[in-house]
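As structure tokens, one chain now follows by itself in the form predicted alone.
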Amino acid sequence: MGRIWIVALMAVLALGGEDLKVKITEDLPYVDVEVNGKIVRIQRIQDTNHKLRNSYIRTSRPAPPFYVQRFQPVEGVETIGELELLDFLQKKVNLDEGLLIDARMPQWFKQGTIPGAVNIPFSLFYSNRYTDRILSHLGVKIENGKRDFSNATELVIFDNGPWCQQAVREIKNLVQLGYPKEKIHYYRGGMQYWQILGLTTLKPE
């Protein structure tokens, strides 16, 4: 799926980072991500009067299917926030030891995603046709119809946000297939929280 390099630039080392009005944390102005050979800078929008104008400003959606998800929808799978996600990009994806997965359907993904994410729609796991092919890309060894998850890649999985169940469905499907729970993390905030915090999004090429 391609190698993604992440470089975290601390304020004390960043050129111009100390001039940002809106930082991620006191010591972290931005994170640079290399995606397909290009650098994408993840930082917060600097306009303190900026407001969302897309669908993520909506408070209500028809349910079903858009029910509010539990904070920890799958016991044993860790739920994380934005800083943990950025840390995962720096320390795991950087070393090809982790993968950030956008579990949404392609039409959502194409509208914008978190830099460094790959799109593996939750719906693909409802067909045995693609299961082993996907798992093999996630480090699962498959021989004679048996799956060895001992070297499975560590994952962070997200969708639109707390009202969306696409990531939860993907996580449940992976766990049912035997994927180790300790190798899966759920970013519950998803695209809605990511954009509410003014963090950079990327439209896939």
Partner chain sequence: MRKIVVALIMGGLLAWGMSDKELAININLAGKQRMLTQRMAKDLLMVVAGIKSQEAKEDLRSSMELFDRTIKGLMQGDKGLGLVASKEQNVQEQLKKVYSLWLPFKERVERILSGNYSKEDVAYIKEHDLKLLEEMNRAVGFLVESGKASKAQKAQAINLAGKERMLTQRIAKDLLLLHLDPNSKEAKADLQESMALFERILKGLQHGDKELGLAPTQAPWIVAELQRAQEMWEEFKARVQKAKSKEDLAKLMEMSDALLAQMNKITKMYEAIYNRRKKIASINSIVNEFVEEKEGQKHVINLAGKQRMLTQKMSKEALLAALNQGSQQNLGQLRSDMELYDRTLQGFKKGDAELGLSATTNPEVLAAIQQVEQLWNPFKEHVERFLAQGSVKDLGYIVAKNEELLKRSNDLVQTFKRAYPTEGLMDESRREIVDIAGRQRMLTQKMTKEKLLVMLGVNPEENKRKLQETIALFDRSLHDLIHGNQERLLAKPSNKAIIQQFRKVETLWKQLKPLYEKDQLSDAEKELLMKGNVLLLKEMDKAVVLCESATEY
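In this text the structure is predicted, and so the values were computed from the model without any measurement. Positions refer to the first chain, counted from 1.
We do not show the form predicted together with its partner chain, though everything after this point is about it.
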Task: Triple contact flag 32, 120 and 143 to its partner chain in the predicted complex, non-hydrogen atom at 4.5 angstroms - done: yes
Task: Distance check, residue 95 to its partner chain in the predicted complex, heavy atom within 4.5 Å - done: yes
- [ ] Using a 4.5 Å heavy atom cut-off, state whether residue 99 contacts its partner chain in the predicted complex.
- [x] yes
Task: Proximity of residue 180 to its partner chain in the predicted complex, heavy atoms at 4.5 Å - done: no
Open item on the list: Is residue 43 part of the interface with its partner chain in the predicted complex - any heavy atom within 4.5 Å?
Closed with: no
Open item on the list: At 4.5 Å, heavy atom to heavy atom, what parts of 36 to 50 sit next to its partner chain in the predicted complex? List them in sequence order, or say none.
Closed with: 37, 38, 39
